[in-house]
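Let's start with one chain on its own, the form predicted alone, as structure tokens.
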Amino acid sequence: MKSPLIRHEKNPIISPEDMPFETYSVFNAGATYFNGRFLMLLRVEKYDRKTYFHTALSEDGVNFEVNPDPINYPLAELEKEWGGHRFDMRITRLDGTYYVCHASWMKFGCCSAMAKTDDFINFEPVGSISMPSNRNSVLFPEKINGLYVRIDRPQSINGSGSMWINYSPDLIYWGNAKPLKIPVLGWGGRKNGAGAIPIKTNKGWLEIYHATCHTASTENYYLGAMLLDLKDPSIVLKAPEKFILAAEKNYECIGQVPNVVFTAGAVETTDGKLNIYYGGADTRMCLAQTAIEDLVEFCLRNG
């Protein structure tokens, strides 16, 4: 069974030249549905390589209007003090509040951070940051067995690493960490990390993730999908050996970092599609579409 993902014909949907100000790249956006519109929190890098988060809104999930002003993010001063920057937002709606998780790169290494918002204008930190080195934190959209749950990726000194799952009673203290046992695949042998927020289905939690491998010239990125147990998401039910997306188009292969497809957000549409927003070559925003049931079926058949 081939991958059910279809690239949108308008790809890339946001490029640097589409932005309302001069910038070098726009990519790896968190995504959600907010007040009847699609919302992305864009990672924007200007020519000085400093990173900013900008909101982008859309009625149809394809054509976005970007806010020219970056969000006023509460952890910025902490990162400035410790010599770092933030990137790769994920957005989880949980009990009516939106939680954002992202990486903060500092002099100590990469750490995970979290904040919450009700309007995407005002943000309140949730705790401080994780210990280094950790990144790709993704918060589940509901408690499981009375606990908050997240997937993250502890990182080794050479940058490699794999997904772990942890639990918390209060979003501050995390523990009972376990590695997710997914197959060691040729296209994911170096590192893998959570991408979109897990989606609850009757067959399990559907997680879309990224994984990489070294080729003769570059470290190539791929997107994969897997199903986790609904009651114990540390249990991997199905993890296909086939990837669902590889860097093949020019907008995925040519840019700041070649041969990258990287998702940090997926949103279900009212007509049953799943919009998977992903960065192409760390330079521009792209869109692939499928249906949740088709992606679940892909996992069941190929896992």
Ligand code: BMA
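Computed from a predicted structure; not experimentally measured. The first residue of the sequence shown is number 1, and the count goes up from there.
Only in words, not in the display: the form predicted together with beta-D-mannopyranose, which the text now covers.
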Seminar exercise, completed: Note: exactly one of Val257, Val236, Leu39, Val267 sits with a heavy atom within 4.5 Å of beta-D-mannopyranose in the predicted bound form, namely Val257
Exercise. Which listed residue (Trp187, Trp205, Tyr98, Phe87) meets the criterion of a heavy atom within 4.5 Å of beta-D-mannopyranose in the predicted bound form?
Worked result: Phe87
Problem set entry | 4.5 Å heavy atom contact with beta-D-mannopyranose in the predicted bound form for all of His102, Ser137 and Tyr167 | no
Exercise. Heavy atoms within 4.5 Å of beta-D-mannopyranose in the predicted bound form: which of the stretches 31-39, 236-244, 258-266, 57-65 has them?
Worked result: 258-266
Problem set entry | Members of 215-243 lying within 4.5 angstroms of beta-D-mannopyranose, judged by heavy atom, in the predicted bound form | Tyr221
